[in-house]
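Same chain, two forms, each on its own as structure tokens: structure 1, then structure 2.
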Structure 1
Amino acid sequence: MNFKEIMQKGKGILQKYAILFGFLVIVIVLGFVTETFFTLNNLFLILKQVSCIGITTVAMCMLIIMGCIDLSVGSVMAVSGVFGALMVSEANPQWMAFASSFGIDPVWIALLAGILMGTAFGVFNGLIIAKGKIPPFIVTLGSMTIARGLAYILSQGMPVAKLLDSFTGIGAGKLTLSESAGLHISNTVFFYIGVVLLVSFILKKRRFGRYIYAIGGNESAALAAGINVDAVKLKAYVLAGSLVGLAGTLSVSRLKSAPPAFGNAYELDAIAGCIIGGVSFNGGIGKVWSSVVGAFILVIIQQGMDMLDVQTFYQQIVKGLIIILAVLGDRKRII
């Protein structure tokens, strides 16, 4: 093997694992410039912070692979969380009485209600995109406004508080590894792992997952191959909506409050996590694990800036630049 072949092979390896190399560089730099980054407590804190937005990133990953997008995820998280929280708020006993009338613990009714709210928006988006032939960008931009308005209507413009302890225990609860060392793993991390494994299995092992890749790669070819593109798009948006509803409900459970303004700009974090992780914005390319790496990179960068006392306004600029650079890198890779 001559020098040119070695260089080409090295370049190929670098391109293939560029995200992981970049991830390691960021981790090493933050480890040197901060004193507490390389600690178990900080690791578990990162896991906790990435879990809920990570679920949303997985949902977005599936849609981007299909060549679609969802700008409503932040608002749908808010309305799902508000709707679920209303079921278990001591300030709204009529909602809890409604849940109890089914003979089921209101906590599970609340969790189901939040998921169903997200599912409803998934059905709404999927039907209009698939049957109305309207671009996903326009449809989800409209549903983003609808969901945010509905969140304010349901909450009457105020955070839904005084939630049952059994409900807040779902998101705020934790598995204790060492009481003396203060090492705990948040319950939301286990939900995140479950979602990652489920969606990864669907995309890798199920026909539905193969259809998603086919549509993202070339929708016209998928149609010619006999794939029911409209049905696949509808199912994908329904699944994504359900996951976003779950993420929203877990988030307000962890926060112990459901403010209607919650989730603002979370769609940008979800998109950024996917693109940073290597999911192609052009569709047809990407893996669930790519979105996991991307979500971790985004959270670690944000946490690093917090440790370095970087103001929120500058953090927004950095995040915007990261999104632009990630999309630029994706275009260069495709070309």
Structure 2
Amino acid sequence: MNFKEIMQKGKGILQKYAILFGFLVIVIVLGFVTETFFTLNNLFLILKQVSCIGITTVAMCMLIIMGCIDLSVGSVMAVSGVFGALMVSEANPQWMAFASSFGIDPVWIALLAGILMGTAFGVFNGLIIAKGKIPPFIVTLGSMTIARGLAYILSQGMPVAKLLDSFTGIGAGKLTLSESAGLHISNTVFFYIGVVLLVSFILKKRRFGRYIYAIGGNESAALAAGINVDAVKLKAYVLAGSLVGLAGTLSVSRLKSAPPAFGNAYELDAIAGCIIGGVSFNGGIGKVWSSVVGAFILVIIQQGMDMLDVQTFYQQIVKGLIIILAVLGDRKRII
């Protein structure tokens, strides 16, 4: 291999992993400029911060790979959280009574209710997209508004508060590694890891996952191969909906309150996370892992800007530029 070839190869690798390199640069700069960035404490903090939106990003990732999208995730997180919280809110005795009537700990009912609400929206989106043959963008634009309205109706426009401690314990709970050093891993992190592993497995190792890639890559080819495209789409939206419902319920449990305005514009963060991580917007290409990287980059950038005292107005500009540069770096030869 001569020098030129080595250069070529280097270029290729750099291009392929441009995002990761950019990510490293950001991390190193932050490490140098701030004192607290490179501490285990901060690592766990970042993990915790990533986890809820991270779960939603994983769901989005799966849909983007399938050549679809879901604009409703932010609102569905809200309505799921609100619905779940109602089951365990001392301020809403009729719902709490309903939840208690099942004879099991209302906390489980709440978790289930949240996930089911997400699933219901998944079914709704999936059915209309698969059977109605309407572009996902437009269906989920509609359901985004519907879910938000429902969140307001259910909560009567006010945050659902006074949640049972056992429920808020889900989000607040943590695994303590070292009491003295204050090292804890939040519960939500384990949920996140679980979701990442599960969806990775499905995408790589299950037929369903392969069909998601096939549909995203070439829908008519998938159809010609005898794949029940409609069923796969429905299934994917249902799975994504459940994950979003879970993310919403976990967030609410962390927040100890369910504001109906919650999750506004989270769909954009989730999409940005996927794209920054390298999931192709055209479908058919991408890994769950990419969405994890993207979600981390977004959280770390936010943290970095807060740490470096970047003014709020300028933060928006930086964030916008980073979204564009990330993809630009990925697509074009930057060296």
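Please note that residue numbering is based on structure 1, beginning with 1 at the start of its sequence. Heads up, when I say rigid core I mean the largest set of C-alphas that superpose within 1.5 Å between the two forms. Note that the structure is predicted; figures quoted are calculated from it, not measured.
- Remark: the form predicted on its own is the source of structure 1; structure 2 originates elsewhere.
- A movement of the C-alpha atom of residue 43 falling short of 2 angstroms is seen between structures 1 and 2 when the two forms are aligned on their rigid core.
- Shown in the overlay between structures 1 and 2, fitted on the rigid core, is a CA shift at residue 310 of 2 Å or greater.
- Comparison between structures 1 and 2 places the CA of residue 319 2.9 angstrom away from its other position, after core fitting.
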